[in-house]
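Just one chain is shown here, as structure tokens, and it is the form predicted alone.
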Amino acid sequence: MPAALVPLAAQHVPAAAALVTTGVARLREQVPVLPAQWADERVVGRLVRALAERGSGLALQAEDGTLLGFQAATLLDGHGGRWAYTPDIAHATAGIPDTDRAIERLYAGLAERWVQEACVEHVVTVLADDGAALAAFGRLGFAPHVVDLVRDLGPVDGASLPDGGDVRRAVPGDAPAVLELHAALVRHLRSAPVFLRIPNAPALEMQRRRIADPTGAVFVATVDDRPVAFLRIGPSADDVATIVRDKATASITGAFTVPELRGTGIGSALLAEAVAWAREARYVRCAVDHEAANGEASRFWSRHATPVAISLARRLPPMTVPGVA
């Protein structure tokens, strides 16, 4: 079907929201614990409309006006430069035979603008079951970067502790130990093979405030009174895939076990405590994300939660930007 690229505009919003929610509803059939709001065209439509009003998107439109696909993005500064981010609710294609070509045309039209604005890092979040989109962006040079997962608040398998082990909720006096474990997590994420650009662990006073914050919880595992692992959980994070964000989602925002004790059940024991806390706090689900290159995190979290979104990243060489050598 002949089609043209046009700016994403208000008249496209209802159809664009319908494309997104169709995909979310399909994923919720497999992962029913996902928030229902992202299968609501009115909720998604408000976000798509905001992107359209900023002039940050393109629509692929058939001659008869049918929306065949769309993509929008937000340009952000950070991570060492300017980058373009397309959330999971900001792109979709209709069930057309040439989905691959539709995604290519939409991305190419946007990427040309991004490069003109010295934006050479491009990130898109794709629903984990959308094989066509994952393959299309992969062919365009994108690679998995971050995985978002969710789970219900049922029992956690594999929770155990070695002799002398204990798991408890942290108190402010545990802040130095939590800081040390958090700093070890930062070193782990900065090193091979992850190489994540991540700030230093929050200072001691911030650790104390987080431990004392009644809206969240920090759990510490010890072996013979030595702190060996921690896990932090609290309200839904705002820097994760859209489809997991919800007032009934508890987000795990930090977890680390010393290398020599991984695989002993300590991580699962911490998760069990966190899930129990979330259940008591009347959450419905918990969510977590990890870097795709972090194999240890991938192996652990995939045992306890279901991947629902994958963020893919592509970084162009600096000489791509006009006038930059």
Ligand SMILES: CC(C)(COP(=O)(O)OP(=O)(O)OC[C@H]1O[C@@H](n2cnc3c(N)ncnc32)[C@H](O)[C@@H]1OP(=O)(O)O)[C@@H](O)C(=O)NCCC(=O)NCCS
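Not measured: the values here are computed from a predicted model. Note that residue numbering follows the sequence shown and begins at 1.
Only in words, not in the display: the form predicted together with this ligand, which the text now covers.
**Q** Select from the listed residues Ala136, Val123, Ala111, Ala255 the one whose heavy atoms reach within 4.5 Å of this ligand in the predicted complex.
**A** Contact with this ligand in the predicted complex is made by Ala255 alone.
**Q** Can you pick out, from Gly69, Gly265, Gly45, Pro35, the residue that has a heavy atom within 4.5 Å of this ligand in the predicted complex?
**A** Exactly one listed residue reaches within 4.5 Å, namely Gly265.
**Q** Name the stretch, out of 50-58, 290-298, 27-35, 275-283, where some heavy atom lies within 4.5 Å of this ligand in the predicted complex.
**A** In the other structure, the partner sits against 290-298.
**Q** Looking in the predicted complex, is this ligand within 4.5 angstroms of a heavy atom from every one of Leu185, His188 and Arg303?
**A** The answer is yes; Leu185, His188 and Arg303 each reach this ligand.
**Q** Please tell me whether any heavy atom belonging to Ser160 falls inside 4.5 Å of a heavy atom of this ligand, as the geometry stands in the predicted complex.
**A** The answer is yes: Ser160 has a heavy atom within 4.5 Å of this ligand.
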